[in-house]
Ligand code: ADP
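There is one chain below, alone, in structure tokens, taken in the form predicted alone.
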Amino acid sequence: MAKSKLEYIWLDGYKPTQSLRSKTKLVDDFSGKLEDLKDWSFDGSSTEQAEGGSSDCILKPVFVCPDPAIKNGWLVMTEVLNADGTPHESNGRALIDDKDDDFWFGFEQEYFIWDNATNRPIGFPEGGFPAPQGPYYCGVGGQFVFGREIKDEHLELCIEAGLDIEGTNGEVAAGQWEFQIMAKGAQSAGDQIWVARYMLERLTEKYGLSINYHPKPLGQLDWNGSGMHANFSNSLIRTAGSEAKIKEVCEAFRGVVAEHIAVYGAYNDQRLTGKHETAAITDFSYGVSDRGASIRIPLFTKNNGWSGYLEDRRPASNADPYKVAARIIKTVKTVK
């Protein structure tokens, strides 16, 4: 009888940015079906999620896929529940109505591959800087590309796991990369981003490196930060057929800037300065094909008879996709 290795993954309670945690459960011949997974528990006092006198928290499986890196392995994304079965306050997934599959999300996850020895991105010489940014975006050649083997290995892992990954590319700064995942259903999109992040972070362990999701890890230097642009649509946006209707959706975001920024990632003010293709954190704007706007109306949407999708460019690379999606859904639903 073969042993299946189930890697239960969850988000801890650390602030201002949660981290991934996981532990392995062995079972006999797991079927691969979500409904056959059982709840588990963990010591919440070790993850900032409970007091020592009452430390048990529950892990509720919500998504499962094969683990390509482990023989007979499975990756199990879970929600954290309190002992009474209610969602833990750190549980961003519970903010999304599970009936909101009308909303589709595509997240563009940017990140830096980080050299722990130098405390800089790979490709940055110790004590100095590489050539100015420009040739690194979608670059080719050893003078411009750093970490392609990690990016490519991660891509293969995502494909083999069955995630809805749509692409990957080198980003504007040296050692900076991006992958894109799109899913029909906000919870599914969030599940898959977290599982993809998990595989990426675990992958760097064998290289002696790490992943840095800080939105501006190099500080206020002339190097781009990292975002997690959120492409989104629902039936209204996909079939709007009207410039006025698309702009009405965009306008719905204007009065709730603070509410969105509050869940768009810690230290995002260091990235959203109005420079490097970002709108200032206190401003709000939108425009067709405008990468410096808060909300970009893709050229596709305009050329498709003002029907398609929109892109919120403000979420930071360290944002929780569950919380981002929940906030966007709430805003879009105000437009009828």
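Just so it is clear, the structure is predicted and the values come from calculations on it, not from any experiment. Don't overthink the numbering: it's just position in the shown sequence, from 1.
Beyond what is shown, the protein has a form predicted together with the ligand; the following relates to that form.
- Residues E166, N231 and Y309 are all found to lie within 4.5 Å of the ligand in the predicted complex, as judged by heavy atom distances.
- Mapping the unseen interface onto this chain, R296 counts among the residues with a heavy atom inside 4.5 Å of the ligand in the predicted complex.
- Taking the partner from elsewhere, N224 is found to have every heavy atom lying beyond 4.5 Å of the ligand in the predicted complex.
- Although the partner is absent from this view, V263 stays clear of the ligand in the predicted complex, with no non-hydrogen atom inside 4.5 angstroms.
- Within 4.5 Å of some heavy atom of the ligand in the predicted complex lies at least one heavy atom of M182.
- Out of the listed residues R291, K275, K38, K302, R291 is the one that sits within 4.5 Å of the ligand in the predicted complex by at least one heavy atom.
- For the residues G106, P130, G139, G73, the 4.5 Å heavy atom test against the ligand in the predicted complex is passed only by G106.
- Across the options 216-224, 97-105, 253-261, 147-155, residues that bring heavy atoms within 4.5 Å of the ligand in the predicted complex belong to 97-105.
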